[in-house]
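Single chain ahead, by itself, as structure tokens, in the form predicted on its own.
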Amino acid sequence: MPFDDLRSYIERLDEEGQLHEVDREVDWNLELSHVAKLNEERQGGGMALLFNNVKDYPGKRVFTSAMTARERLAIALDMDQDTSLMNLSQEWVDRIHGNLVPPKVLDTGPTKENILLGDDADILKIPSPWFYPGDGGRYFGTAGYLITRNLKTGRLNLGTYRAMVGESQELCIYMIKAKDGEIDFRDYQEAGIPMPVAYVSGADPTLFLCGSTLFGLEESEYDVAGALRGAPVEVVKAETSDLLVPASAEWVVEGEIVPGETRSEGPFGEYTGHYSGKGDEEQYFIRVKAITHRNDPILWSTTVGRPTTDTHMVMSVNRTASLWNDLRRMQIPGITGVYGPPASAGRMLAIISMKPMYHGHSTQVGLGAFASTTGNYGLKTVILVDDDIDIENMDQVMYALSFKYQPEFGTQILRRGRSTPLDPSLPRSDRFMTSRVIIDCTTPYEWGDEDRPARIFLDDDMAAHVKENWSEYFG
């Protein structure tokens, strides 16, 4: 059954022994984030943490480390906890491929339990953490998403963009160029009118999973999330605009982004393991007009930073799923697996297993990955391997790179691709373009039997015999 809200997900984590509640008072200034980060660096990704006693914020809680473990990602998707990351992505693709489920509009919901308007809509009333010493401020938005409406089509978009606390009624938004929210804003700029927005923290986890991935410009994450969760997302009308927000959201910050108005934002410790922004870069900001929240509200945060955090695990699953879905839509045959490892945040590097079926097939797959909606943005490396390689097993991938890859004909370099400005391998002055490489470790289709290496395999009957009598060998 899909989760109704963040709280039902937290309750399920508690039932499964995946949650730890921190009752000791913690300071929102560095202490909270450091407890969370050191927890996440423990073997297995640590525990999900619910901080019940945040300094200066009685009755307001912070939830972190939600998805630093594969088991908690599986729970969020209502799947068996033993499911591998690649199989989580495959199930994701199967649920949403060719399937959209629009949201269900309600008259009201728990997110309306408290409505703050005018001067009462003070962003400093939210227990936003200060994560790292070099950050430029406190960040309300790390595990949330900005809701915008396309002025021409009416499509609602949910996009995960970092949001830094400014003045009491200003929330700075870092919308990277050509992300859907930024594209939406262009139409408002041309029309010379403010863009209504709502920033959400804490709802059904599938909304964050969808808000932090890539879909077609005309698709609404609400519709995709409905397909992913197997039921419509319940939404209500915002207080100050016609935007629809999750009915069960813990926090909703409403306002508008005004063309031409900017504020300094950053730096911020990003998922690349490096700071992005220099603190003197101007970004758009939300003029806050209203805040709604539940009773005893929970702010969902992620520490971001170096791997492996919620961000890396989530992006491993959702970027793998969206890339796989893109490739399926292209109808390229022979693809048996797609995997974006968590350490690459699921986006900088993709490993694809395949069965070559015709001349140039592997090149088609590699170029298809870069040409896709997902791969076009930030993907730098595609590693192609034969279908007998377990692409989640890095030893097997290293084996393929060592024994099946010939640099001279297995390497193709592309020189002009769209980059993310967060990539620290590029100079800060030029981060919007990147080079790309296809590393082809597949056995060439055109090789004849005399050139094709013979695979080693086990005798099926003997392997079955050994498994049946395993305890006699190792009892």
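Throughout, we count residues from 1 along the sequence that is shown. These figures come from a predicted structure and were not determined experimentally.
The same protein has a further form, the form predicted together with a small molecule, not shown here; the description that follows concerns it.
Only one of 399 to 407, 230 to 238, 350 to 358, 311 to 319 places residue heavy atoms within 4.5 angstroms of the small molecule in the predicted bound form, namely 311 to 319. In the predicted bound form, the small molecule lies farther than 4.5 Å from every heavy atom of Y339. Although the partner is absent from this view, I147 stays clear of the small molecule in the predicted bound form, with no non-hydrogen atom inside 4.5 angstroms.
The shortest heavy atom separation between L158 and the small molecule in the predicted bound form is within 4.5 Å. When the small molecule is considered in the predicted bound form, D180 lines it closely, a heavy atom lying within 4.5 Å. The partner is absent here, but in the predicted bound form a heavy atom of E221, alone among E250, E221, E254, D204, sits within 4.5 Å of the small molecule.
Interface residue among S89, S128, T213, T111 relative to the small molecule in the predicted bound form, by the heavy atom within 4.5 Å criterion: T213.
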